[in-house]
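Just one chain follows, in the form predicted on its own, and it is written as structure tokens.
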């Protein structure tokens, strides 16, 4: 990502201003974007890209994407949601997405962390060990 040290530092500071109690606040983000629009700092595009990347990464930490092959019930979603909330010590919301490439099992993504308990993953690990 292009941007000099001052732009990166400013993006980091603006990101910190966007957090309220450790979570991204829509009102704070709107305020930061209004500030950027009003002031128009140098390298605005690079600043916005860095800021967007930081906000997107932080929001992803509060979402669990559950990939599944077969049907999955609401009780399973709630169970994964509560387990991830307990593990990360923050509110995590779960959403399901069908993935026909999986034979059976689940793949859960929270931010950059991936928890996989699928037949396809086990077969890939077995093939890699041979």
Partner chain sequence: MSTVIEQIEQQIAQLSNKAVKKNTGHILTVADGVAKLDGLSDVMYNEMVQFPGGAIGIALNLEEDEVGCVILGDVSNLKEGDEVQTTGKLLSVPVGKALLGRVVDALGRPVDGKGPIDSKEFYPVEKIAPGIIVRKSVSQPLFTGIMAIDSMIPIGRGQRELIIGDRGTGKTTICIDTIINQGRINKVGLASGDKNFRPVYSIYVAIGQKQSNIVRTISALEAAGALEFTVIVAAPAADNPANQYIAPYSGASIGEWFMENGMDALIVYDDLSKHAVAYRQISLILKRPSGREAYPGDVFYLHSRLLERAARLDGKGSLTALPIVETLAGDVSAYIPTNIISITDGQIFLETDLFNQGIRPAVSVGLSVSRVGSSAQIKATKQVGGKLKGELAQFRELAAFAQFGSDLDAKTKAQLDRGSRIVELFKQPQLNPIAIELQVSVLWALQKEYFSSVEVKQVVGAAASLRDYLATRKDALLTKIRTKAALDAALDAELKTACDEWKGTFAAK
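Not measured: the values here are computed from a predicted model. Positions refer to the first chain, counted from 1.
In what follows, reference is made to the form predicted in complex with its partner chain, a form of this protein that is not presented.
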- Task: Please check if residue 17 has a heavy atom lying within 4.5 Å of any heavy atom of its partner chain in the predicted complex.
- Result: no
- Message: If we define contact as a non-hydrogen atom of the residue within 4.5 angstroms of the partner, is residue 122 a contact of its partner chain in the predicted complex?
- Response: yes
- Message: I'd like to know if residue 21 sits close to its partner chain in the predicted complex, meaning any non-hydrogen atom pair within 4.5 angstroms.
- Response: no
- Task: Examine residue 13 and determine whether its closest non-hydrogen atom to its partner chain in the predicted complex is within 4.5 angstroms.
- Result: no
- Message: At 4.5 Å, heavy atom to heavy atom, what parts of 92 to 117 sit next to its partner chain in the predicted complex? List them in sequence order, or say none.
- Response: 109, 112, 113, 114, 115, 116, 117
